[in-house]
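First, one chain by itself: the form predicted on its own, in structure tokens.
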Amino acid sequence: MTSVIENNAAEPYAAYFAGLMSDPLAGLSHAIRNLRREGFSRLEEMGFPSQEDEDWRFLNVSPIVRGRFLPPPPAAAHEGEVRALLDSAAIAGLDSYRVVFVNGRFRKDLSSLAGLPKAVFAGSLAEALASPLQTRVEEHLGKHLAPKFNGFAALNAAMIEDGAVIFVPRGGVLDKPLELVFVSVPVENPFSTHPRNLVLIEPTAQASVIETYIGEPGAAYFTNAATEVLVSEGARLSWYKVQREAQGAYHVAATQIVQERDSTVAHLALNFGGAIVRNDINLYIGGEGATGVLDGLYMISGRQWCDTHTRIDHAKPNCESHELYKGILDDNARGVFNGRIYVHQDAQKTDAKQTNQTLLLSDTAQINANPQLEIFADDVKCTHGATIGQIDEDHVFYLQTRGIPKDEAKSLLTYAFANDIVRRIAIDPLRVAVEKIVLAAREAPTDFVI
């Protein structure tokens, strides 16, 4: 059934927004206040997307909108749950820097940043705005992912309180991965968090980042994240997103990555949790000689929904992009993949490849796949395609003849399908952890512990 979202989308948030704007301690800076104003104005103007909008036609977001999730009070009474979740999010054998947010607020006491290379910044938005980075942050925040992107991006801008800022200076190298961990624990009422993240990778710099979302099982909450990434000339960035929200949580996220000349970006998204999940991942290749990679894997079951929209803009010549997204759906789960490659008129010699593959483990799981190419240049190599299938029973039978029980055989074949993505994880401890998740998925499809 098509959902129509009420026009008074901003009304439930009006009082909280007024409190943010009137509290001088919550203002952070004039740039934040202006972005909040623009966000709230856009939310009033546009409202939330509905199934009447082409890009949202398969996803009913009414449960999120009607839930009226407001930002939570501090979670001081839930320290036990916070530390237990952090323990469960820990990746065995991983040596990393760590920036932790609990219910949307930075927790310096739970973060681990000792030994961070000189001139590298990793911390909260508030800290960055109070540092020599203020001008750079204000120059970019809200400029790459504007509130007009959609109603959820507008709400994120209107509700800005905190988020992560990463800055790697020219020629700098993060000597080990940096984790951004967003923890959600229950408070008295259903709540929302609106992380606003900004990542600036300067020319020839290098970094690897793991962005993790995890929630207390049974908690009722809504994560609405927005991330802006600028990868400058000759820089390299590897980004892994691991979404393991609570079983009944809602997760909406928009990521905008901008690449400059000769830069390299590899973004890999892993989605396992959440009741309704929507990811918009946009890559703008705005410099000649750049390479962008968007890969992803989602495994869902029960009545989970996972909707992924990607867009790769080729704006300059002699660039390449590669995209492989895979979905594994069981029970009554529903998936959506909409991938668009847009080749601008000046982007001659573009080499772009997009593949979407889906494995359906039940007769009632559903996928809507829509790979797209829009090409306005005449000297390009571009391909795209989608495949949908089920486990081959002949393969299951073959494994059974070798003494492997039927359920275990199906798990092995499921893992084999996912392995094309898993093996692309260049951080060994993270790859091992994800392998365990994939192998355990049929036994525990919605509660994942690394």
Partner chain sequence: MLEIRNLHANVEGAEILHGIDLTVRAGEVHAIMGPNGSGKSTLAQIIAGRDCYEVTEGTILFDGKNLLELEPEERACEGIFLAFQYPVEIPGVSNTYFLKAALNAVRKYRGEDELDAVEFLSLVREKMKLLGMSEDLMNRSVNEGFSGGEKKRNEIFQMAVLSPRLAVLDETDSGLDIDALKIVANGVNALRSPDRAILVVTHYQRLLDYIVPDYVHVLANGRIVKSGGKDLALELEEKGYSWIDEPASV
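What you see is a predicted model; the values in this text were computed from it and never measured. Positions refer to the first chain, counted from 1.
In what follows, reference is made to the form predicted in complex with the partner chain, a form of this protein that is not presented.
*Asks:* Evaluate residue 57 for contact with the partner chain in the model of the complex, applying a 4.5 angstroms cut-off between non-hydrogen atoms, and reply yes or no.
*Replies:* Result no; residue 57 lies far from the partner chain in the model of the complex.
*Asks:* Could you tell me if residue 404 has a non-hydrogen atom within 4.5 Å of the partner chain in the model of the complex?
*Replies:* Because a heavy atom of residue 404 falls inside 4.5 Å of the partner chain in the model of the complex, the answer is yes.
*Asks:* Please run the contact check for residue 395 against the partner chain in the model of the complex: heavy atoms, 4.5 angstroms, yes or no?
*Replies:* Yes, residue 395 lies within 4.5 Å of the partner chain in the model of the complex.
*Asks:* Verify the contact flag for residue 400: yes if a non-hydrogen atom of it lies within 4.5 Å of a non-hydrogen atom of the partner chain in the model of the complex, no if not.
*Replies:* It does: once the partner chain is placed as it appears in the model of the complex, residue 400 has a heavy atom within 4.5 Å of it.
*Asks:* Could you spot which one of 34, 41, 419, 383 gets a heavy atom to within 4.5 Å of the partner chain in the model of the complex?
*Replies:* Only one listed residue qualifies here, and that residue is 419.
*Asks:* Just one of 412, 388, 70, 391 has a heavy atom within 4.5 Å of the partner chain in the model of the complex. Which one?
*Replies:* If I apply the 4.5 Å criterion carefully, the residue I get is 412.
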